[in-house]
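Subsequent text provides structure tokens for two forms of one protein chain, presented individually as structure 1 and structure 2.
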Structure 1
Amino acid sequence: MEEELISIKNTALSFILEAEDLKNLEEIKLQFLGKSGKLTLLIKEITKVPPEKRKEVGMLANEVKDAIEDAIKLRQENLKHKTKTVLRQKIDVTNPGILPPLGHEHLVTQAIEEISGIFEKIGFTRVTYPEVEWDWFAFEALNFPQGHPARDDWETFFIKGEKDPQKGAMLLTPHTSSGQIREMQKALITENKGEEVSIRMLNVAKCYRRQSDISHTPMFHQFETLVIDKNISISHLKGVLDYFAKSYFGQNRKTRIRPYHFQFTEPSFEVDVTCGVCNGKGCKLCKEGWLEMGGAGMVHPNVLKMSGIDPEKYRGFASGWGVERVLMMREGLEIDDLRLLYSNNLDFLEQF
């Protein structure tokens, strides 16, 4: 009897330890402690044990029963905990996650990065200057005398406030050309007090004009180049413009310069690029094979003087084009209303 009890205890304990789950454990419990369970039946047999041994065997039986019950409880806890881990493990971490909506750079920002990269490759340094600017930098030092009618072409936003006795009214810069003056002044301070001036500037910035219609937004972007050095000529200008047009629009594109007038350049030009649709032959879009891109010219001696640079010693060229304009032309985008660019319309923006 004692041996049988011990053997039941051992088998039960090893079964309990091996139980795979709570259901299996319940079955094991029934198998040993249920109404017709092995231990239950054996305990009933105790009556048959001789009276002098009955007490001892009874005590052993109780011990075995307690041991089995304790082991079941312990295993129960264990399995409950394990169930949790199993459930947790069911989350397959190799499944692709749910991504939060991801944005990307605005198409104008993408264009600015690309344009900057093109100029940086040939030694231009990108700079930024104030968008809230003084009249002196935006007009006066660029050779627009006070009251000159050409100032009206720039549809300027003036800021209410006291005028500066030297720099005049405060305004939102209507073009990146104001950066030319700041760049030359900076060069005079930082580069041997003007002994040796050598500038290759790319100024990309927001510009503001009082115009809002299907082809104009009150805020837009320009990129301005300024090169100042000894012996700079129109060929340098033409070379840089060609390089830019080929890099940005495609190697088969050509540029041409046409005489024009700007206050701050002499001579001044308008720059055209061959049309990408007909390759310069002439089509419905371009009519004569050329698309107008923007202005350029040799820096006016007055502008050099106003910035403190000796026009006898130094010469330079400058160009200023619209970022949105070159972007539209390259992508062949026909946006009915340019204001869409800045309307935060995701259906539109997600296409780029």
Structure 2
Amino acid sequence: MEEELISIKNTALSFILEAEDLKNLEEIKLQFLGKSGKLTLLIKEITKVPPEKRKEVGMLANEVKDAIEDAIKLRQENLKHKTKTVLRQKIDVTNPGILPPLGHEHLVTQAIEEISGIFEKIGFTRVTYPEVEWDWFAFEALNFPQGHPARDDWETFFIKGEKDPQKGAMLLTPHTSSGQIREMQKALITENKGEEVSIRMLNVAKCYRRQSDISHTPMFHQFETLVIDKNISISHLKGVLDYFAKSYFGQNRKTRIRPYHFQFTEPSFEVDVTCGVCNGKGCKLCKEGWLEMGGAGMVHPNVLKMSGIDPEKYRGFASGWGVERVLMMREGLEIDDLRLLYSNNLDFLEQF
């Protein structure tokens, strides 16, 4: 038994010293110290040794086991140190690291921030009003008569529920113009304190309509401007339109206004901007040199009255345009389907 123990010790130590890596060392450990290891099995045979020699053989077996375990621990430390040294030698810490991929703001969000910055430079204050709105703010107070097509449930998303006795049905706001009413009502608090009404509002928000095609989505964004003060005229409106067009589209762009009809402005206008492809000369895109940008006009006296503003004392103008629309009209940006803006196509989104 003693000779077998010494033989196992020498063989194990020899294997341990020659172990090439930690995996190989673990295999050697199992070969000698595992449940079915050579030393483990031999120790179980000690019960067969004569009683007078059993104590001496047991002590030797423990010494062999301790020697093998100590050798394994030492070899483990050496192999770990060797691995770290090799890694340090292979890594060039002066090489630039591999950066994780970074996201960025969505193209529409970028447009909203830029539009907001343009209007803030000329004194407009950006506000936010509810996306879930009442019929009174979205239509009634904006001079829409009962039975108007826009108040049909094929055009507007109405929410099921009891109607408010004063405000009517609840709906998803179809335009940012409802913010005009809320802003003017807020201004009345100022007037009641003896101060003059003076509004320079920019309302940017999500809007909802039951439309979906290459130029419409059920959810889209609008930016609404509202100016209320004394002696406001169409020339002020035209000046703001020109300022925005030159700031957003480029200094060579111009705007024009054409007579139109909106329920909440009088007179009302459609606003056009010169084509960025041909600079107003006429091309396949614009036909006659102009591209339609959106609507605008002088705030209707009935809207002022419904909001509590005296139309004999104050006048104002408003405009409402789609963020996505002006974005698609921008120079160098060719998007032929509005729905692409809200797709998960990374090839498209990563360009911006």
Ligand code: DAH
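For residue numbers, the reference is structure 1: its sequence is counted from 1. Basically, rigid core = biggest C-alpha set you can superpose within 1.5 Å across the two forms. Nothing here was measured: the structure is a model prediction, and the numbers come from that model.
Specify the structure that is the form predicted in complex with this ligand; exactly one of the two qualifies.
Answer is structure 1, the other one does not fit.
Superposing on the rigid core, do we see a C-alpha displacement of 2 Å or more at Glu52 between structure 1 and structure 2?
It does, since the Glu52 C-alpha is displaced 2 Å or more between structure 1 and structure 2 after the core fit.
Would Ser233 count as moving between structure 1 and structure 2, using a Cα shift of 2 angstroms or more after superposing the core as the test?
No, shifts by less than 2 Å.
Does superposing the core leave Phe32 with a CA shift of 2 Å or more between structure 1 and structure 2?
Yes; Phe32 is a residue whose C-alpha shifts (by 2 Å or more) between structure 1 and structure 2 when the cores are overlaid.
In Å, how large is the CA movement of Ala150 between structure 1 and structure 2 relative to the superposed rigid core?
Reported C-alpha shift between structure 1 and structure 2: 5.0 Å at Ala150.
Once you lay the two forms on top of each other by their rigid core, how far has the C-alpha of Leu13 moved between structure 1 and structure 2, in Å?
Taking the core as reference, the C-alpha of Leu13 is shifted 27.7 Å.
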